[in-house]
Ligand SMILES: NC(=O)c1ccc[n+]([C@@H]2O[C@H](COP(=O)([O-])OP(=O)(O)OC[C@H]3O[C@@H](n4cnc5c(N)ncnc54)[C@H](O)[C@@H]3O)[C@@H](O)[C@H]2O)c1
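A single chain comes next, written as structure tokens; it is the form predicted on its own.
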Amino acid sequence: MRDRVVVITGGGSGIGKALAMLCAGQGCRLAVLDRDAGRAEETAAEAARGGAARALAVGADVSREEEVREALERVEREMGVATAVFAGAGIDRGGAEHELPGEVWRAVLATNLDGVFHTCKHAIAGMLRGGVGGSIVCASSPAAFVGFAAGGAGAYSASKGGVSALVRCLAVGYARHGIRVNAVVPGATETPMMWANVAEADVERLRGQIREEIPLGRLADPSEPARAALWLLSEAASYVTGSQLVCDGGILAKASISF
């Protein structure tokens, strides 16, 4: 990854931040995009200390296409064409579907699905303009493939199912241009978004319950799915496109019945 231009959306925290630090350690030129500009600045500063050849922070809301376009054009002007892109920005707002306000549904889809589309669209456009190939990794979820037993995840699940479908289409459509598109599928990971819909008083109890239900017996550290994403971004995965790389501790491999 040395000297490659890497763009990470949602880089202010969680898996995106962990990936930024891994890329920094390999000497990349890094652009950290986050809706929270302050968090983007913090990650970029840490990445610079961690070995990034250059680290740029950009405040951008991926649900707004114009902000994504402007951000990627700025990256191209200042550092060159981004050839490694992680579309990781996401939110999780749940609730019983028959009561879910339309604005909540639209907000989740706007960030998680529209945001990935905007990122991929303008990243691919930049690669085509530059006449270069590249690798894009999108953050999906086990929710793209199964329904969560707790319920209330309809908007999140629909958004991630859309991401996984989009990845397959883009992989096929742009393979002839040397552009690879894959998804990483993280399971339960210790990030702020993991507990977005959980009351603080219930977090520890639910953490224990989740540990019991995951075959590996624990939640992931953000660096673990980040390492999977890094592999997909790198030339080590040069013949991999259209894949869904599951990094979930065995969640999707496990039957729901207990006997």
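Quick caveat: nothing in here was measured; it's all calculated off a predicted structure. Don't overthink the numbering: it's just position in the shown sequence, from 1.
Heads up, the form predicted in complex with the ligand isn't pictured, but that's what we're talking about next.
- Every member of the trio G14, S140 and Y156 reaches the ligand in the predicted bound form with some non-hydrogen atom inside 4.5 Å.
- Between the options V62, A226, A31, A47, the residue in contact with the ligand in the predicted bound form by a heavy atom within 4.5 angstroms is V62.
- M194 belongs to the set of residues with a heavy atom inside 4.5 Å of the ligand in the predicted bound form.
- The ligand in the predicted bound form is approached by K160, whose closest heavy atom lies within 4.5 angstroms of it.
- Although the partner is absent here, A89 sits close enough that one of its heavy atoms falls within 4.5 Å of the ligand in the predicted bound form.
- Under a 4.5 angstroms non-hydrogen atom cutoff, the ligand in the predicted bound form has G187 among its neighbouring residues.
- Only one segment in the set 23 to 31, 197 to 205, 226 to 234, 54 to 62 has any non-hydrogen atom within 4.5 angstroms of the ligand in the predicted bound form, and it is 54 to 62.
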